[in-house]
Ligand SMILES: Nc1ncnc2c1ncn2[C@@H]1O[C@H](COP(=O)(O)OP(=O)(O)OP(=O)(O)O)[C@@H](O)[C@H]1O
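Here we start with a single chain on its own, the form predicted alone, put down as structure tokens.
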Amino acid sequence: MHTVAVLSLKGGVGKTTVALGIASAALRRGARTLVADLDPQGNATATLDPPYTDATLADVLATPVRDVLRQAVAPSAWSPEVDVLVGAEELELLNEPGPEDDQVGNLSRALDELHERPLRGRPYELAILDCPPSLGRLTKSALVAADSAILVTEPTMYAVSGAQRALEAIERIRDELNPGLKAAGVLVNRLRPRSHEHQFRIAELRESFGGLVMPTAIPDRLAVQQAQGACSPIHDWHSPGAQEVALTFNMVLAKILRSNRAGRHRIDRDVAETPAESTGPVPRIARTADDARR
């Protein structure tokens, strides 16, 4: 099972849209998938529309045992092949860093349990972690559990600094807690190809981050909102705009799966004996867009 964290440090950039788009591409590919909704807003859970559960991801993060997992994981309305580790508003109470952060590995332990002993059906091939738009304990837990991370941004003047901070967080978690973590790439969402401003900002991102910026971007299409409002995978929405977006998510999923070499890791593995798979140094960039253009 490959585990990918989808994160951003700015709300409203379409991070959940990307997580759901990847899940839709995985469903079309025939890959059994788990979506873990770590965002207290619970938008991924709402769109996947699972039946009511007796527990949520908040309970799993507190007690990552099989009985709790059985109560917190449910099939989505999309397909029995896409399950949801259900989110809840109570997750917000777990987002502030504690003095010890002794529970930061619990999500990884829970995913290891699901990988080794599936609750039902065949094992998951992909786990998608929809993170909140901050670097609190929830995002840290996701990065500890993940094999790779996708950074979602928009083509705005704040994109470069936000991506820089997110990459620094990935480097820090990799150095301290998860030596196998990799940055799968920086994904630009809501692109308007005819906008000169958007093209300028993408060029700025590529100048700063080079090959980490994915060669494809998610176009700004109304079909994305329509599919989410209908609780439907984007691949099942048949407008030309939806088909364009679906094709882009197919390419994003392929990039994620190509980055997978080792699969699940154990949180209790001795990190001194685990070789780090480096993403390379995070490039240092100017603090402002004006500085970056110089």
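A residue's number is simply how far along the shown sequence it sits, counting from 1. Note that the structure is a prediction, hence the values are computed from the model and not measured.
The same protein has a further form, the form predicted in complex with the ligand, not shown here; the description that follows concerns it.
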Worksheet item: Would residue 56 show up as a contact with the ligand in the predicted bound form if we use heavy atoms at 4.5 Å?
Response: no
Discussion item. Please determine whether residue 109 contacts the ligand in the predicted bound form, using a 4.5 Å cut-off between heavy atoms.
Written reply: no
Discussion item. Within 4.5 Å, heavy atoms only: does residue 218 come near the ligand in the predicted bound form?
Written reply: yes
Discussion item. Within 4.5 Å, heavy atoms only: does residue 190 come near the ligand in the predicted bound form?
Written reply: yes
Worksheet item: Which one of these stretches, 171-179, 219-227, 85-93, 120-128, sits within 4.5 Å of the ligand in the predicted bound form when only heavy atoms are counted?
Response: 219-227
Worksheet item: Which residues from 1-26 come close to the ligand in the predicted bound form, meaning a heavy atom within 4.5 Å?
Response: 10, 11, 12, 13, 14, 15, 16, 17
